[in-house]
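Take a look at this one chain, the form predicted alone, written out in structure tokens.
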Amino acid sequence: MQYFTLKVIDIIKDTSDVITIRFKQPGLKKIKYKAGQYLTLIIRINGRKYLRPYSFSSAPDIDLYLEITIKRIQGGVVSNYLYDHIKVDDIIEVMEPMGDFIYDPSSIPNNQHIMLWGAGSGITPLMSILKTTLNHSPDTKVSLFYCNRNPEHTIFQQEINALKEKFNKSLVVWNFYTGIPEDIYLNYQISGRIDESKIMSVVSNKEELFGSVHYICGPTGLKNTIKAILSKLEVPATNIFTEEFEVLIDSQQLDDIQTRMVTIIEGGKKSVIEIVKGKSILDSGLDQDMDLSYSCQTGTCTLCKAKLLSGKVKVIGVDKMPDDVAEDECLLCCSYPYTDDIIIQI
């Protein structure tokens, strides 16, 4: 894993609760990334280290600077701290770019239809993909379906409008607004959330969907709705990509989990920590000031992979483990103690 230190050179207020942080590229070793990937920031708040992934809103080989976009959310320790305290000339430590929600122009033919689906701050990686597609594959048709409360809360509204004007033959943008009256319908503006009836009204043309590739970023409910409708429309699952920054846990999955003591061995040092019912091994370790590696916390980046020497853990919140996790390994972010004899080596 590579680490970099980046200097903040600008802070752009996109909406009343969203900022874009612009970093200067390192002078000697440039950070290389792909459209759709994220950057993990290492932030220290009140003596505790936090690692948080934020998607690039800048596009590689197009934008001169590195940009991430952050939304203030209720209870968001790091997002609120950054929104309130970060300033120009601050130096931030970051991990190398990661993530598999990637658009690669070389792997998709120019004549395919790229469809981007997002809500709120889910536009962030889609913006990187949008700029990359339009600039590298100008003959590719691109449709953006974007849901917000109203125009005033639409992130990147000016930048999207500029792209529409510049790439008017390639780009179509459908705006869905939940905060405007139902009786208002303007050209390419729809009142209400992205739901089945509205999707079918704008995307049911089989010719439009043939060979289409879809990128979805937003709340779990939105992603599930769109995937289900695309399946009905016979879009192959291999042509649908989703970004996973949210894990929803059914409380019933925790019914057979108890508070237990777990032994963690790191660099020859043995620690015994209490894993409270309802918390993953990773979260409990971080709460007890252990310096554990992690980033996404959704079971995809595998930075929190560890060797399970004894005992059993229950995997919660992840449907499929990554291929590079062996049978005697576990991901601490989605592992919950199932027996009393757990020993983990990291």
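Owing to the predicted nature of the structure, the values given are computational and were not obtained by experimental measurement. From 1 onward, residues are counted along the sequence shown.
Note that the form predicted together with a small molecule isn't included here; everything after this is about it.
Of the candidate stretches 252-260, 129-137, 116-124, 193-201, only 116-124 has residues whose heavy atoms lie within 4.5 Å of the small molecule in the predicted bound form. Taking non-hydrogen atoms only, E93 never approaches the small molecule to within 4.5 angstroms in the predicted bound form. At the 4.5 Å threshold, heavy atoms of K223 stay clear of the small molecule in the predicted bound form, well away from it.
Residue contact check for K279: none of its heavy atoms lie within 4.5 Å of the small molecule in the predicted bound form. In the predicted bound form, at least one heavy atom of F245 sits within 4.5 Å of the small molecule. Of the candidates I31, C296, L292, L308, C296 is the one whose heavy atoms come within 4.5 Å of the small molecule in the predicted bound form; the others do not. Residue I73 is the only one of V172, I86, I73, I265 with a heavy atom lying within 4.5 Å of the small molecule in the predicted bound form.
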